[in-house]
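The chain below stands alone, shown as structure tokens; this is the form predicted alone.
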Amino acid sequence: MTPERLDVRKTYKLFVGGAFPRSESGRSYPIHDGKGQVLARAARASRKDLREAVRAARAAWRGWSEATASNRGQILYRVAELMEGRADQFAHELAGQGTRRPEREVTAAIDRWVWYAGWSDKVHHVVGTVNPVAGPYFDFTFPEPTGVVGLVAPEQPALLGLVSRLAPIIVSGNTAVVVASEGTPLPAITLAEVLATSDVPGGVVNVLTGHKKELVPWLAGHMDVNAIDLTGVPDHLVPEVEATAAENVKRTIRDGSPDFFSEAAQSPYAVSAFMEMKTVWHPMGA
């Protein structure tokens, strides 16, 4: 007689510095399926977890920002390849939480990685320029990555919304601390598993799950975070977060695109929104 086998239940953890730690607080919170039943429990990140994620992102920034644009593009394309191989798993997790047409969302997310991978060595030509000046000089303006970027992911679509905001952040050489969708965080952790097995260096992307009202104010106020994407911040928290971010002149970005499936949700200017413009003068003939 074959003994009854128990399912191996997955433990959803954080993703910090290329590793999968549990929250230092030991807390978790329930994730519900489309019928309101408990599907899993996700780690509930703490303020200390957020500090560790920022520290990991800062440590990874120099190496990632100094990689060639072509190399970063190849790495983003590799992420798309690995997601393609786990498309069924992503669709299953999205469907389990009530997402309609999950296969469509997974396909769109994979295609978005490919789209931004192609822009890695081209965006500089779109937003950079040679400025006309009076005098025997060349005057160039070109973009550079801004540093560590906080990303508050949209609640829905949980996977496509996250990828649509994360890809333009990291393709230009920034590193990211992500606060995942609070209600649908499972695809974000599965994406972290893809990143961990791709060529993305540890610390370039760090994923925290938990309650946004706990994490977002600390992310906005962290003095070693250079910019923050507010796309997934609830409307009632936006004024507080913007005021906190202003304390260290942190750049704030919020994508107003209502439809992440549309062409308007992808743009080279979404990349340049997370870059700083640097102007260099050079004497002619030298």
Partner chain sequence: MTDQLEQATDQKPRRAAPWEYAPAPEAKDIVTIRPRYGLFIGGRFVEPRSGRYFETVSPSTEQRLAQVAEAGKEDVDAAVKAARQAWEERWRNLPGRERAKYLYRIARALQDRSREFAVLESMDGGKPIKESRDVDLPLAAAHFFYYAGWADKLDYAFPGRVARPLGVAGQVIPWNFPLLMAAWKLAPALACGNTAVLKPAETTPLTALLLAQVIQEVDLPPGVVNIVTGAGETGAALVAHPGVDKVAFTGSTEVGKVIRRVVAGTGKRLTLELGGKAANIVFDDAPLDQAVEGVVNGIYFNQGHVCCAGSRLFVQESVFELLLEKLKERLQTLRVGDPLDKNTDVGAINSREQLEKIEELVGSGIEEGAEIYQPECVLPERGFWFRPTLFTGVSQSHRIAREEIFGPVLSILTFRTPDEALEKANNTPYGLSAGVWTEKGSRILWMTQRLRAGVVWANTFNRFDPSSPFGGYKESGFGREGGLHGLEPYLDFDRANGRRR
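Numbering follows the first chain given and starts at 1. These numbers were taken from a predicted model, which means no experiment stands behind them.
Another form exists, predicted together with the partner chain; not displayed. Remarks below refer to it.
**Q** Spell it out for me: taking the partner chain in the predicted bound form, does every residue among 34, 59 and 71 have a heavy atom no farther than 4.5 Å from it?
**A** Looking in the predicted bound form, the three residues 34, 59 and 71 all stay beyond 4.5 Å of the partner chain (heavy atoms).
**Q** Within 4.5 angstroms, counting heavy atoms, which one of the listed stretches 82-90, 144-152, 176-184, 200-208 is next to the partner chain in the predicted bound form?
**A** Stretch 144-152 is the one.
**Q** Can residue 222 be called a contact residue for the partner chain in the predicted bound form at 4.5 Å between heavy atoms?
**A** The answer is no: residue 222 has no heavy atom within 4.5 Å of the partner chain.
**Q** Would you check, heavy atoms only and a 4.5 Å threshold, whether residue 30 touches the partner chain in the predicted bound form?
**A** Residue-level check for residue 30: no, no contact with the partner chain.
**Q** State yes or no: in the predicted bound form, is some non-hydrogen atom of residue 250 no more than 4.5 angstroms from a non-hydrogen atom of the partner chain?
**A** Heavy-atom contact with the partner chain at 4.5 Å: present for residue 250.
**Q** Give a yes/no on whether residue 264 approaches the partner chain to within 4.5 Å in the predicted bound form, heavy atoms considered.
**A** Residue 264: yes, in contact with the partner chain in the predicted bound form.
**Q** Which residue among 114, 196, 108, 127 has a heavy atom within 4.5 angstroms of the partner chain in the predicted bound form?
**A** Comparing distances to the partner chain in the predicted bound form, the residue within 4.5 Å is 127.
**Q** Of 121, 103, 214, 139, which residue is found within 4.5 angstroms of the partner chain in the predicted bound form when only non-hydrogen atoms are counted?
**A** By the 4.5 Å heavy-atom cutoff, the listed residue in contact is 139.
**Q** For 235-255: residues with a non-hydrogen atom within 4.5 angstroms of the partner chain in the predicted bound form?
**A** Heavy-atom contacts to the partner chain in the predicted bound form: 235, 238, 239, 242, 243, 246, 247, 248, 249, 250, 251, 252, 254, 255.
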